[in-house]
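Only one chain is included here, represented as structure tokens and corresponding to the form predicted on its own.
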Amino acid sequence: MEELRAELRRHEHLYYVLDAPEISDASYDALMNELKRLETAHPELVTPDSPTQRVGGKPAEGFKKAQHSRPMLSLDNAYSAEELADWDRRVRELAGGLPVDYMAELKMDGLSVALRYEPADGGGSRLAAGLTRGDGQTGEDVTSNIRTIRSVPLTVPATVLKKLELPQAFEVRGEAVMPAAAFARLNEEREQQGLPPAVNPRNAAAGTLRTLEPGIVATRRLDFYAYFLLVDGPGGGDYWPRGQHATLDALAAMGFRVNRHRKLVATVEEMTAFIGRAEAERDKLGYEIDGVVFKVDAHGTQQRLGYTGRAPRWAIAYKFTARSGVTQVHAITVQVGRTGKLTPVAELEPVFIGGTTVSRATLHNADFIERLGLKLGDWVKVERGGDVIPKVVEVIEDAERPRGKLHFSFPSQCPECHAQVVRAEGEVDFRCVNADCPAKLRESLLHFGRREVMNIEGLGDAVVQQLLERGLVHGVADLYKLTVEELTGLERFAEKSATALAEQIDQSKQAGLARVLMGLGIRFVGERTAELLAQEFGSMDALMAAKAEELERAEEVGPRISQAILEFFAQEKNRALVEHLRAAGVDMTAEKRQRSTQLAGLTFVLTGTLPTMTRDQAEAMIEAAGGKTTGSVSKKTSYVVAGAEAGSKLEKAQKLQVPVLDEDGLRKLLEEAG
């Protein structure tokens, strides 16, 4: 049985990872059937990592959530060679003389997944858990489905770990994708069943991985491409310290599928050459990609560069030029957002663009329609950009496509509640000013439940619409009053699904201050700003009591944001909403960043390599003393802190006569600040 298992694992690796099968499908099936026969006769000898155990017998009843060992962050994007060159320049400035080479990799268009491996008997490692990205902090445990992916090793041998000097416990991150052939086969099956086709391979992969029946997942033939390796570190999982190039080679040696289209590059010219080759090969790969990712190769340089609030400074995603199509505008409708903003939307003759059928596209605002000169019946060019949201970019004028005749007039009344719409002086947007507009409430509920906000899974369009139609909610706080019995009365809701949604709503009470701030929908307060405000004030009460100058002490908060916050909490109904959420048990606290006020009002810029401090350490110490750090030098800069190999920032500081400190000078200033 052990010999059969080893032989089957070898053939799985040859077929699913290396694309180099040695035997026919029939011969493989014969080996598998022989192993199944033996395991049926000797069930006490069945092992969890046997090739027969990839698919479990029972469907899952739902996916539990689990915390990631370290956040799964997004990447910043570049859309041109100029933006890429700017990023390269920033990296080299921040690196302060440390080596800068980049690992160029294809940006797979799939679903990010984290795989955890734990010690196995005999010194190797076994697959213990597979998590989706989720909101970046918490993902869904889809282990049973991950096990069905043949390019995911269920075990990694002890001999390989020893050779690579790896511990038995580690984590592998990568992308689950649906190959083009599997996607075509899936849509053929759906057509035969009278079902609408899947929109694109990425959505199909995501939907497959979240299917509750592992047997169905196994038939979809997903692939997994590995690109990160994490081992235990001081703060949990930490990237393998040998660097990205060595990481990819190690993952391949461990039996993972690693994309062969990768290269170490050193200059912007080499980066753009790699991008050109990737675009040229894009349609021949057999899977979807939407760009190229560049990662600083050396682990030490990565550590020095650190992170922003949402992304590593040492990596960037270059997004391919938007794919476009030409189609006709049949109508223009108007959507009402949660802030009351009215957005015109073009209703289009469906057109297939970049793997997706597009039938609607944003027109932004009335000024945009006027600039385009758009009329109903016009033929237009539509693009799907890096943000994937389709948009109309120009009107087509030629002999084959006659212009439309009907002009579009922006409505003077809200299409949802028929209240008057207004356009504030200096703004391009029309807004509905009715506080009780049902569309605003619907969008507010959807926003509140989003993954990156309060993370209430299951609170989608259909559910929210029913809650409003049945009068079960009149504001976001009413979500916490819903009972399982009320939810069971909704269309397509049985007791199990109603209980699951009720549990999701209850769990969201622990989301914390930053997410609640996002959920309130304060203008200009997004994910990053909400996190910084939460760290600065520590509680909703402290934030609500703050004056403008106190709000602006928070990092990255200026007059526009502080004014929006003050205006929001000046309204009695908004303060009442906070109290309703508090009464429901929603946690509105955060761990407050402890800081002095001794350096309040002072702005620092760091450049070069300091003798004993990393840039992140220096920034943290300055901010803890009440100061702010920025990336550019101006007349308003209080101090520039310069280390070895300081560049243009030092020169600019000297030109503007901004005081310059070395590390000792910074330490002295910090000591004086206590």
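Residues carry their position along the shown sequence, with the first being 1. Only a predicted model underlies this, so the values are computations on that prediction, with no experimental measurement involved.
The same protein has a further form, the form predicted in complex with a small molecule, not shown here; the description that follows concerns it.
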Practice item. Report whether the minimum heavy atom distance between E105 and the small molecule in the predicted bound form is within 4.5 Å. Key: yes
Review point. Given that the partner is absent here, does K295 sit within 4.5 Å of the small molecule in the predicted bound form, heavy atoms only?
Key: yes
Review point. Would P312 count as touching the small molecule in the predicted bound form under a 4.5 Å heavy atom rule?
Key: yes
Check your understanding: Using 4.5 Å between non-hydrogen atoms, is D378 touching the small molecule in the predicted bound form?
Key -> no
Practice item. Counting non-hydrogen atoms within 4.5 angstroms of the small molecule in the predicted bound form, say which of Y227, W240, F256, F604 makes the cut. Key: Y227
Exercise for review: Could you tell me which one of S74, S539, N203, Q507 places a heavy atom within 4.5 Å of the small molecule in the predicted bound form?
Suggested key: S74
Point to revise | in the predicted bound form, segment of 356-364, 108-116, 471-479, 143-151 with a heavy atom within 4.5 Å of the small molecule | key: 108-116
